[in-house]
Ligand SMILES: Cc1cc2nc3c(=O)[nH]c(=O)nc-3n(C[C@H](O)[C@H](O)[C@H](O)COP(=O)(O)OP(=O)(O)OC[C@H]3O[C@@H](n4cnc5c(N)ncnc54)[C@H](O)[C@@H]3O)c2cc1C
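Before any questions on binding or motion, here is one chain by itself as structure tokens, the form predicted alone.
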């Protein structure tokens, strides 16, 4: 068999991809992947089938075949030929486990190296612990303040130590079920210790030298700490240590206003702390559309969280148990005082201990591992996936990349990573969800753009909830009316965004949304209402957009 990549013009949707795949299957092609977004198809042909036959088959489907290139072909690793393992994985988070499971299913002998706690960031110190505490905070906040007359609710003082204990129990249970248990279930080996490359095909762990035919680096990332004068001399918290506090601080200052800062700041506000968010840029969530930033700013301010933007940090110092952040805003000097200080200014990759230069693996300016669209590093033996590459910092992206890395490293499938439709969710209240291009990004890519902005008070679900601060924004190509991006601030925005992700991924149009039935009194109806808003005033429509 020979593997090819062929450029194919004329595909516009997933249905077109199926037509091309069917045509190729008809001439004996296997392992077919067609992509209308990349205008290409990859496939394998028996040696006795000429590539011209494939081009003719595609042409008969009324698509336009272009040049084809033969892709490098690898034999699947066979244990005993080269190294102690077929696939050696450094790290044990979402990318690592997804890769290990996929590699085992390819028949490889796999080992995983972990220097600390199995499971990585998400289950141990990220998604799981923060989201269960966020839910606790929401309940406490609604108990103190609810929007309905006639409901007498109240909340007592929060016992943070009990909440953290319950959180830790959940984390331990999920780590055991979703990570540790799977090691025996799938039969790969766990090696404890710090991994360091000796050469391009060897790592050392605790004095033991291990070789492998292929490697995957999936060591993740950790909180990044900015260079602010005096910070290193002051006790501060990161996203990891904040979630282990046993006593609720009366006041909390947060440096940063990205998704981690927003979630954790609101969490402690809802538990009862007085919270101030500090941000260098003129607006929070600066990479989002302005309408999203405005809606979130309004919501946070209404809830009583103090937001200070356009900050220049001069120095940080401690006065007893009080942390003092000296700042300048528009030339005016201020001092922000708080019992606790949280640093939430992004994350940095865990690469320092690996000695990547010994393995001829290139890193970027931030220490991130540089990979191509097959997740291969500058060393063709070594792949990298997840947060260590500093791509989208989501566990589901890491798991997706881990599977692709294993398919390519062990299965020789030459799969390309496609991150054109990655949903992102910030679990504040209201929550923030986005997928695809912002208006600015779409224009930068050369699209002629039309947008629809629907305030949340036009969505019936928000009205009955009596929570109407938020927005739906759709970004579309003015020529084809294909959806390019969807951005939402609302309750349950994270649940709604999956439907929007499918719409963006598979090239649905504004008209497709208009003609689809949306269940009444759901937040998802906002997608249809926002689509109608392109050419109608939805405030003048009856219920159910009739």
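If you're wondering where the values come from, they're calculated on a predicted model, not measured in any experiment. Residue numbers count along the first chain shown, from 1.
This next part talks about the form predicted together with the ligand, which is not shown.
Of the heavy atoms in residue 270, none are within 4.5 Å of the ligand in the predicted bound form. For residue 219, a non-hydrogen atom is located within 4.5 Å of the ligand in the predicted bound form, even though that partner is not displayed. Among residues of the shown chain, residue 377 is not one whose heavy atoms approach the ligand to within 4.5 Å in the predicted bound form.
At the 4.5 Å threshold, heavy atoms of residue 265 stay clear of the ligand in the predicted bound form, well away from it. Note on the interface: of 161-169, 91-99, 411-419, 272-280, the segment with non-hydrogen atoms within 4.5 angstroms of the ligand in the predicted bound form is 91-99. Within 4.5 Å of the ligand in the predicted bound form, a heavy atom is found for not a single one of 451, 476 and 532. Just one of 236, 447, 313, 259 comes within 4.5 Å of the ligand in the predicted bound form, counting any heavy atom, and that one is 259. Think of it this way: in the predicted bound form, the ligand has a heavy atom of just one of 121, 438, 431, 253 within 4.5 Å, and the residue is 121. Shown here without the ligand, the chain has 113, 114, 115, 116, 117, 119, 120, 121, 122, 125, 126, 127, 130 in 112-130 lying with a heavy atom within 4.5 Å of that partner in the predicted bound form.
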